[in-house]
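We begin with a single chain expressed as structure tokens, specifically the form predicted on its own.
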């Protein structure tokens, strides 16, 4: 009887840990619908989806990088790079929208490649590497824009289309975001290419012995992160018909939201565990918190505090989980019971 109880208790704990983000999302959504003024209406829910879109692109890349056991602090500056490039190339250089978007994505991929090579070939920790490239990229953005904003100067057709609601709650930009989430979720979960990221993050030596080029995989993760950050910034700038060099430096930081969502979604800071779809749900959860607080009339400072509080709680939880896992690693419970019974 005791064994059955222990097994059931362990099962509940495992279920809660595995699906914690979905449980948290459901609880916060129900509370917001019940108590937040003017929360549950089509206009507000569409605003949540639109607001989440930018952060989701950053979270996609952040998730894949963290699955590999690394960290990318440069995503916010790369996001700004993609935003100013797509508007600048269209307005100043006369490029078409497609070429402008592709060049912006290529620039983001180039920054990711630089990050990956420095981490893998230079053997410099990803925190230090991406902190440096974050600063350099921010400087490049300010040089390109001369510190000012860029607008499409009357070319609003694509921007209006991006923010047009095609189906309830979903604009074109949101639909593109959801497609990106589904594509990368399938790649990570259903392909050998995607599962290799988990092997690298779980144990680099084992992955290498299995024939995986670990350096190439880590570099690929940074390239994906840079590409997604630039694409997210580009699509956001197009929908706003303008771009600024310091987007995200005031108010809620996209970098902090991306990191918080990735960890809240269950991606391990130690690597080898996580999922893009869970990070997607985590971003929506954070957006619900921000939106509900706005409905109650609170300011940015309260929203930033709430984001920091949630992040601190989840990081503490994750640190304790890693500590418990390390503590019992290699322990054979059946032998412990034999010792205790003697």
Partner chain sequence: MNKKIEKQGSVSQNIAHEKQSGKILDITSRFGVYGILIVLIIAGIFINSNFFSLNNFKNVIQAGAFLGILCAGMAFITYSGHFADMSAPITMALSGIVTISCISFGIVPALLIGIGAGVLVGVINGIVIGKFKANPIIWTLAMNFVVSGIIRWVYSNKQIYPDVESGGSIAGEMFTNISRTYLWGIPISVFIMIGLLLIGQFVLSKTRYGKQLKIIGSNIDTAKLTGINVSRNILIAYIIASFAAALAGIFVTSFGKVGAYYNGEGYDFRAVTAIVIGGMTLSGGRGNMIGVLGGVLTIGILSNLMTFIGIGTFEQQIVTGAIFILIVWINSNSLRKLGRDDA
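Numbering follows the first chain given and starts at 1. Rigid core (definition): largest C-alpha set, two forms, superposition within 1.5 Å. Here the structure is a predicted model, which means the values were calculated and not measured.
The next section is about a form of this same protein that is not shown, the form predicted in complex with the partner chain.
When the partner chain is considered in the model of the complex, residue 138 lines it closely, a heavy atom lying within 4.5 Å.
None of the heavy atoms of residue 16 is located within 4.5 Å of the partner chain in the model of the complex. Residue contact with the partner chain in the model of the complex: residue 132 places a heavy atom within 4.5 Å of it. Although the partner is absent here, residue 312 is a contact residue: one of its heavy atoms lies within 4.5 angstroms of the partner chain in the model of the complex. Within 4.5 angstroms of the partner chain in the model of the complex, the stretch 82-119 places a non-hydrogen atom from 118 alone.
Once both forms are fitted on their core, a CA shift of 2 Å or more is seen for residue 317 between the shown form and the other one.
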